[in-house]
Ligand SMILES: NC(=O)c1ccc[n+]([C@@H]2O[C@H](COP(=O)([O-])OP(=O)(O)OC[C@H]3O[C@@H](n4cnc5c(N)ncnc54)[C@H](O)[C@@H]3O)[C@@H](O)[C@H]2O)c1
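As a starting point, one isolated chain is supplied in structure tokens, in the form predicted on its own.
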Amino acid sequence: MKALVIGGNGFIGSNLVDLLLKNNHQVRIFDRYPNRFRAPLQGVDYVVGEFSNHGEIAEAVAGMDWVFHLACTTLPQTSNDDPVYDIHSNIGGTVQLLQECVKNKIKKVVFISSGGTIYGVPQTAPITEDHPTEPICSYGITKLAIEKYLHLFHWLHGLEYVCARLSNPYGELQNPDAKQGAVGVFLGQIARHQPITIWGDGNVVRDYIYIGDTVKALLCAAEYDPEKVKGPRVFNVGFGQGHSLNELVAAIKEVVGPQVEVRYTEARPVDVPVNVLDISRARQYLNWQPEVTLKDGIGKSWDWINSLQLK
């Protein structure tokens, strides 16, 4: 297949590109920035552009079979600061993309949604896909709106799609200087001999999934035929187990040693207390399940972080 990965130079996109190439797919990357951690890959078609530019998106989609939509211009913790920008840049750009997908008869759109924000404060845990969706940040609202537009374009035009509601992926190529991604940020701080900074008391629980397992789920989503099995198009993608930030730090100490200093700061209003995903639907329909444990995944991440020689 010919696969377009929008946001293919980012953390998830780069790992997805590697898996697509390993499985002999042709890959085109559309991104506004080059990959900061590695040189361009042989055989990959790189297209530099803005997601909001209709003409550039149209050129990128042309001739493709699959489209993986990983682009997002905001973060959960800052999206409420300017929701108008969030709406225009993410929903507007995505609707333009879907129009081009229809024109070009794209076989499948795989959209990276957010299992961490789309449900809001959970009523039950683990969270199934049927749980009420009441996001408490603009980021989650726009993700949910895009899911609804995908349903609309399927209803009106027959555009096939799958939404992957990711939990908290981590692993190689995760930017240690980013404003989200606890594992990567914590390991980056440790590599620089800085204290780990935790928002709140460390009892916030999250579902951490290794990036290798994450992108395998995305590839399974692209290969999945919901019409054939009369199955769903929305899937949680996580490990299915929760760990508090304090437990995450304890797991990190098992890998890097006990010399880790932790600094606690004021909690953030966008952080729900618990978010653990039920992944039984993905196991059933995508024939997928995560394999890498938290400790093993942290070890792989730590090896990669050390290769950067951060100062």
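Numbers for residues come from their place in the sequence shown, where the first is 1. Nothing here was measured: the structure is a model prediction, and the numbers come from that model.
The next section is about a form of this same protein that is not shown, the form predicted together with the named molecule.
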item	value
Full three-residue contact with the named molecule in the predicted complex, heavy atom 4.5 Å, for E50, T73 and L166	yes
Which of 199 to 207, 110 to 118, 154 to 162, 220 to 228 sits within 4.5 Å of the named molecule in the predicted complex, heavy atom basis	110 to 118
Any non-hydrogen atom of N104 within 4.5 angstroms of the named molecule in the predicted complex	no
4.5 Å heavy atom contact, R32 and the named molecule in the predicted complex	yes
Contact label in the predicted complex: F235 to the named molecule, heavy atom within 4.5 Å	no
4.5 Å heavy atom contact, Q241 to the named molecule in the predicted complex	no
Residues in 2 to 21 with any heavy atom within 4.5 Å of the named molecule in the predicted complex	G7, N9, G10, F11, I12, G13
